[in-house]
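Encoded as structure tokens, the following chain is the form predicted alone, with no partner shown.
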Amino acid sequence: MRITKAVVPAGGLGTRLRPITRSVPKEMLPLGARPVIQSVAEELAGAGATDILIITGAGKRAIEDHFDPGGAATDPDASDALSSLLDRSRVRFYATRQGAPRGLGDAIACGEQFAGEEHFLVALGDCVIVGAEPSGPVRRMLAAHIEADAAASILVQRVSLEATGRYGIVKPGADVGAHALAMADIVEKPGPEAAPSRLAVCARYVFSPTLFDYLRGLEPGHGAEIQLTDAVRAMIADGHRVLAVPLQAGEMRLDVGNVTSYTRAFVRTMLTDAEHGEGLRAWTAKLLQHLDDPTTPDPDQPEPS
């Protein structure tokens, strides 16, 4: 089985980033030299995706324009061309609107006709996974999903106990192969007292079309939204095989959900950039020294004559 379709939910309002996101979708904020959602698309293409559906919403037209096959951004001779990974001869982009933001489960349900009877990837459009090989975690998840003939597979990361109130948290079961665990349960944002583990959902999934049967029957859950976690939990309860695939050493999620997380993600991306990182690290060291001791030179001011 080859899994070549991917759904990218990108319809959220970005309220925690306002006023930055009053006119710019959070998915279009830069991480290094490219917008967040372009890095997501490159990650998916590197894992074998050939058809990518972006679920947008009000005020998100810039995302559609960015991937428009008729636009200059996809012209290989243009100075702002997209990565060769996203060449239109290799990857096709589609877009549909969610309407009102009614939760992640509702956003993914917008992709039912697109997915058809095939297994498909889901990657949130407001975060990237970084590591030695950007597409490595998704490829590992796909391999585990196919080998185990799973109904769903979810990338997970270890978080602090305090952070368990911000994520869906997995209750792990037995090992399944070298890189996956069976999921015994999943709980939405349980907090330290109720968390069944410190393994948090990491914004990347693989699903069989069975998921849509569960999404159709859901009532609004946490936050009065259609929660993907509730559908996955019901799949587990009904005996479907659901896997958790942990990130490995050196792999991490960079999130743009709020000002602090976006700033940290941007700084890390720029300081590790192959072209600009070395110079920026030297500048940062001088700036930090100046901020700690104002008598030292400010790297953005000329030296006194």
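Numbers for residues come from their place in the sequence shown, where the first is 1. Fair warning: this is a prediction, and the values are worked out from it, not measured in the lab.
The discussion below concerns the form predicted in complex with a small molecule, not included here.
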When the small molecule is placed as it is in the model of the complex, are Phe120, Ala150 and Thr210 each within 4.5 Å of it, taking any non-hydrogen atom of the residue? no
Partner contact for Tyr167 in the model of the complex: the small molecule, 4.5 angstroms, heavy atom: yes
Verify the contact flag for Lys189: yes if a non-hydrogen atom of it lies within 4.5 Å of a non-hydrogen atom of the small molecule in the model of the complex, no if not. yes
Thr229 near the small molecule in the model of the complex, any heavy atom under 4.5 Å? yes
Although the small molecule is absent from this view, report whether His66 comes within 4.5 Å of it in the model of the complex, heavy atoms only. no
Select from the listed residues Val201, Ala115, Ala144, Ala195 the one whose heavy atoms reach within 4.5 Å of the small molecule in the model of the complex. Val201
Of these, Val130, Leu124, Val206, Met235, which has a heavy atom no more than 4.5 Å from the small molecule in the model of the complex? Leu124
Which of 94 to 102, 210 to 218, 167 to 175, 132 to 140 has heavy atoms within 4.5 Å of the small molecule in the model of the complex? 167 to 175
